[in-house]
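Considered here are two forms of the same protein chain, supplied as structure tokens in two stand-alone entries, structure 1 and structure 2.
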Structure 1
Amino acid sequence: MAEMTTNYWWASESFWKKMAIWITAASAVVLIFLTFDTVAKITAGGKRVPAYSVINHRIDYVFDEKRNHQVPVIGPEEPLFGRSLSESEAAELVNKGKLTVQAKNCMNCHTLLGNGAYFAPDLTKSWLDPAWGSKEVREQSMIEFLMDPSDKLHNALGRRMPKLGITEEEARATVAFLKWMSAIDTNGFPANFKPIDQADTPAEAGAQATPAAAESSPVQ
């Protein structure tokens, strides 16, 4: 007596071939969508990654009760090196700083946005690091440190940064890149980071208030 065989549709070879094709096609569509969505979110000028001209403003890092972590806050105009740049000028300067960071292999020791090596400190919010002393001397301190860190006090102990032959032009560009990177919303990374005090001195507060007061005053 011949043995009866039951062929189920879900166990057929042709069914699984078709399923493989459909799943691969659907996955490709999802991957393409996610790629475009990610690119839009990480491109400068978006909600989380600000335009390069953000370096014309004060950047702070404060705790947000609603989100339960620290977030970047873009404050009043505070141009880098005392000169306000157009978007194209800022982009050129920041990109030069990024290229300098890459050329000097900074990620061999440091992390940027959490990526890189863990031998030296993360640089994501280094623009806001209190180690620079005060906001009044920060820019010059960073330039001098990048050009020659060998004789700097906070590079005297432990893991020391070597002199990398960075020119003043490259140092300025790197500072611009680090300031821009500090404005990126990284969902609270690094956590529990205490930023440098950027409160205005009485003289600075008065200088900022004067134009606004003048605009609101009636013409005599």
Structure 2
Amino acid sequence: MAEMTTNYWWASESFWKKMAIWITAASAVVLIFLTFDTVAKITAGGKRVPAYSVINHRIDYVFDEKRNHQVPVIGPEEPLFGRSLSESEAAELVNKGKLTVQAKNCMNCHTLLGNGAYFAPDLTKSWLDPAWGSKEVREQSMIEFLMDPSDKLHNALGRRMPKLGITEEEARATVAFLKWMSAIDTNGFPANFKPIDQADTPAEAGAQATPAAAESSPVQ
């Protein structure tokens, strides 16, 4: 071994020192280049990560033939809590929701976009979860649940979410944050998700199930 390191260029210390430097530098440069592009594409207001005012619209998650997975679809105007917000009002509300999510440490029980803890359901598409009952009661159910989940057990294991001292204002903001998050294009994660029925009429419900309707306005 000792001889090998001195005789062959491919086993020499100086060769690998140069390789280490060049490979690291090249990788870092490529990463920085990609980072500029990625950061531009995930700034709120783009195609993949929508503007915060998206909460003024219906958001759905529908199979897209071309991409071969589900994508968020921005539907007709359907303001959160029945009041349409300006871009800056919406941004402020979602911001408050995000602060609440951080200050209450939601991610040490839940995953968001699949990252976090595994003790409670993923919240990426919580806004679209059929377990809220129906579209009509969803907003109110969410607020009540967040403010005091301790007596609203939804599973057979007895695993409850604790009461985290969330005020009504914080709960509303958190719902706004969750609604906004559900509109992010996540390349089809979670797969095979079954969203709550948001159709206004039975006819629309039928149309909604077909991919053709989905192609009308996918976010991409």
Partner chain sequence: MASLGVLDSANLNGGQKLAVKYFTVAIALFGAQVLFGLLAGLQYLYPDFLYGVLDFSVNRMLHINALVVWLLFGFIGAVYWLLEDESGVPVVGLALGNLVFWVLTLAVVVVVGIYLLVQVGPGEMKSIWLINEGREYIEAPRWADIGIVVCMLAFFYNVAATFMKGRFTGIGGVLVLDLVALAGLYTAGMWYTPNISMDQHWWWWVIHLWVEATWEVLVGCLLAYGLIKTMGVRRKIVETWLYIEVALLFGSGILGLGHHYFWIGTPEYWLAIGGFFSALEPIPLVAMVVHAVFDAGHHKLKSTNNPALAWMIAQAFGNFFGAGVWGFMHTLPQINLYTHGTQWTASHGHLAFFGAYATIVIAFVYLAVQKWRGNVWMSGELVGAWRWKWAIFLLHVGMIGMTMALLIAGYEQSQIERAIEGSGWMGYFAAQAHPWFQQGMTWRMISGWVFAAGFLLLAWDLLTIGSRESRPARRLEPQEAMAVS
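We call the rigid core whatever largest set of C-alpha positions still superposes within 1.5 Å between the two forms. Because the structure is predicted, anything quoted here is derived from the model rather than measured. Here, a residue number simply tells you its place in the sequence of structure 1, counted from 1.
ask   = Which of the two structures shown, 1 or 2, corresponds to the form predicted alone?
value = Between the two, the form predicted alone is shown as structure 1, not structure 2.
request  = Would you pick which one of G165, G82, I21, T38 lies where the chain hinges as its rigid parts rotate between structures 1 and 2?
outcome  = Of all listed residues, the hinge one is T38.
Hinge rotation between structures 1 and 2 - smaller rigid part turning relative to the larger, in degrees = Angle reported for the domain motion between structures 1 and 2: 17 degrees.
ask   = Core overlaid, S14 C-alpha shift between structures 1 and 2, how many Å?
value = S14 is displaced by 9.4 Å at its C-alpha.
task = May I ask for the C-alpha shift of S27 between structures 1 and 2, in Å, based on superposition of the rigid core?
result = Here S27 registers a C-alpha shift of 4.4 Å.
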